[in-house]
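Quick setup: one chain, the form predicted alone, written in structure tokens, and binding and motion questions come after.
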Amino acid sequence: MSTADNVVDIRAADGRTIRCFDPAGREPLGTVAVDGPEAVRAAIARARAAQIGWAETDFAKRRAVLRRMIDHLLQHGPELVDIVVRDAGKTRENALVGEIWPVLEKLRWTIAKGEKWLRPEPVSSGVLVHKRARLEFHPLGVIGAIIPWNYPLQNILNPLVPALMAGNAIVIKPSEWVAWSAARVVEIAKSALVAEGQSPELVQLVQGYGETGQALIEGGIDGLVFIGSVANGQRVLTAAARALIPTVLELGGKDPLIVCDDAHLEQAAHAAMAGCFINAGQNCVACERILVFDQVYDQFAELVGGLARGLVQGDPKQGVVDVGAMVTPLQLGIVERLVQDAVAKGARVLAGGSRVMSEHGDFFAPTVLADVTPEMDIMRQETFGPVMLLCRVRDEHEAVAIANGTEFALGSAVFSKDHARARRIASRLHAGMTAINDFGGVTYMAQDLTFGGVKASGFGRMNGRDGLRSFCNVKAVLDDRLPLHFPSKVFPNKPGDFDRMLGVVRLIYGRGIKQRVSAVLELLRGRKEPRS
């Protein structure tokens, strides 16, 4: 640990190990070995060998593995909560409700509906009435997953569950900031596979820094999921493009929450509190910008300011707290800089506003800033910390303009008692997800919905039918409707063929009686023309 600013240095001098610390108390947790390129390639090879047999298993066997994972999570829930709390500094409540519960819901949904969305799907064969058409969903092979530090359990299991259900193997590279807990989380899946007589090599864990992630992308994987910052996502996408790897990117967010003048203010205030302070604001779908109509702005600001000042912050291992520590000292520095810049430019501090308990760990006080304007850096850059920004707006048109005025477009929320009005505003928001009269992050718990963003928030989808199929090669298949075998002769070209085909095209796609009669005449003319 560096003595300067109490900042933890997790990289060992030789670069071969990760030094793990508890961010809420800075106690050392141990060390984790770094996997170099050769070790990463070996992990991919083991996963590929195991995937060959797994791809041939039926859905019943895959569901059995997922059920075992549910059993494990329920049986070992308190132990897993304690591990997550120590590695990420979050509250016990968030580790349970924000990590284990969403994974259980993903497992429940996948068990119930995974087969439905992975079975071959009949589709129309269009004008080819003598044929049948279908879409088939085949596993890609070996999936790579490079994931961040804010949800050390959920981030691992989130791609793992659909990858396995779709018949893939997976190699996971977690953030070095939560390396200590990763092996225990991966064991949830490995033990379930073993219990059902399947190979635990289907799930591989590689640990390290950016070099390890680079080796994973270049190691021969067949698909990639990346969750992280925009800058890192751009670097990952560049490397993935060189290898032509299909990629799902879930990047940053700057989610707006719009409070209309007819909103239920207490409902909106508590949703904003959840959206800003759950997991110390370290959420891609955090409500980072609260856009409040002028008529209710002062009342709303007083309400959330008082609620924020009443939050209890501290080390979750020492007792019940509302807000824990931040995972990395680097992110803590970003939050501090953005808040100080906003205050210098005229923002008012209604609660918090600074680091706290620096002698113990990496804490930033739950903060509410009022009178924030769209020009401030904190309204344009991802904060990813326990900070609520209040911005006054005149009406829905200004609210939508400000909401859409950043490079991010992940989640969003609208509060109004007029449902038609709320839906109208929601339809104008640039976002991958919108919740009406609730915190936008709750969309994750409706697993039939997709999860993902547009613009700089990434592309591709997780969750739901489309998220499950993103782990598949969607194969188009055309076969015979009836066992009739006759040649579809294209060659040789004969006189009249052009007129006949022109007549067919116009007969099928023409509009009105006149065009169709003309098409029939062209067909007849083509039949009469002799071959030279």
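As the structure is a prediction and not an experimental result, all values here were calculated from the model. Residue numbers run from 1 along the displayed sequence.
There is another form of the same protein, the form predicted together with a small molecule; it is not shown, and what comes next is about it.
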Decide if the three candidate residues Tyr209, Arg235 and Gly252 all line the small molecule in the predicted bound form, where lining means a heavy atom within 4.5 Å. yes
At 4.5 Å between heavy atoms, is Ala240 in contact with the small molecule in the predicted bound form? no
Does any heavy atom of Ile290 come within 4.5 Å of a heavy atom of the small molecule in the predicted bound form? no
Considering non-hydrogen atoms and a 4.5 Å limit, does the small molecule approach Pro148 in the predicted bound form? yes
Exercise: Phe384 in contact with the small molecule in the predicted bound form, heavy atom 4.5 Å: yes
Which one, Ile258, Cys284, Val142, Ala325, lies within 4.5 Å of the small molecule in the predicted bound form by heavy atoms? Cys284
Just to confirm, with a 4.5 Å cut-off on non-hydrogen atoms, which of Gln295, Asn437, Thr373, Gln214 contacts the small molecule in the predicted bound form? Gln214
Among 313-321, 360-368, 102-110, 244-252, which stretch has residues with heavy atoms no more than 4.5 Å from the small molecule in the predicted bound form? 244-252
